[in-house]
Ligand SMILES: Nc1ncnc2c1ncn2[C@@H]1O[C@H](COP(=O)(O)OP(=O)(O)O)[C@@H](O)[C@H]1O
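The chain below stands alone and is given as structure tokens, in the form predicted on its own.
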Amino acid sequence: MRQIALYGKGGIGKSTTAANLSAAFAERGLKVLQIGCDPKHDSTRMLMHGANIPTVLDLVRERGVEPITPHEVVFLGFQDVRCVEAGGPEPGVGCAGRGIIATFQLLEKLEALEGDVVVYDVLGDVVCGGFAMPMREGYAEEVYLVTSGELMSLYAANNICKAIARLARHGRSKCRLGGVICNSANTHPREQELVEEFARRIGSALMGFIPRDRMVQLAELHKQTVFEYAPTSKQAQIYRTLAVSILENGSLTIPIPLETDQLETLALAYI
């Protein structure tokens, strides 16, 4: 079972990337489980045709000691991708990572954490506590950084590299960096070159470049992944190519994070 985690800055397009990757994996005949690890609980929405499925944390709160069955937390979406949302606390109350911890514990208890590929969609602005659990506890064997060429996006990606390196250095995790995915913000003409150089500097590689395309917004307005809305489109093919690159990737590394001044100098060089 391949366990893949997508980390990155909030709003960078992790959920869109995760959902379309899951569809691409499923199209190849793989059994896929996607777990949304973000309090917004919208990771699987396009796979579920716009439906917000019940979250694990909400069910745990409502049920207390009453048993929860697999069909109450695992839902079949497009291409039979199995969908789970961890959920989170009320805004300003409690730990957002608690939903992730509760989700993994429940899925293991229900023997539902299985398949050919598990895709974890994880908030990456803050890599601590529950948000680091997929890495720390060995669930996420491969981390893929989703970033654009914007400085704050690269900054978040670099912080995730620090977390991977720290966990590896202390022998607390077998999690490794699989590569970098550039989800274009179309901010400047050398964006792909910048992200590719960032990947090289941290000891990794650019796995794929996803151009900004109106097709993604059109698909989401129709409550679908690009694969369902426009399966023969150029954008769908880009996700297919990225999925193959990840499946064939055998290079997992312990990243070498950049210092802040190095990151800023790098970004300036590509303006």
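So that there is no doubt, residue numbering starts at 1 and follows the sequence shown. Quick caveat, the model's predicted, so the values are computed rather than measured.
The next section is about a form of this same protein that is not shown, the form predicted together with the ligand.
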| query | finding |
| --- | --- |
| Residue stretch of 26-34, 52-60, 241-249, 207-215 approaching the ligand in the predicted complex, non-hydrogen atom distance within 4.5 Å | 207-215 |
| Exercise: L21 in contact with the ligand in the predicted complex, heavy atom 4.5 Å | no |
| Any non-hydrogen atom of E228 within 4.5 angstroms of the ligand in the predicted complex | no |
| 4.5 Å heavy atom contact, S153 to the ligand in the predicted complex | no |
| Distance check, G13 to the ligand in the predicted complex, heavy atom within 4.5 Å | yes |
| Full three-residue contact with the ligand in the predicted complex, heavy atom 4.5 Å, for Q3, N158 and R176 | no |
| Partner contacts in the predicted complex for 219-241 (non-hydrogen atom within 4.5 angstroms of the ligand) | E220, Q235, Y239 |
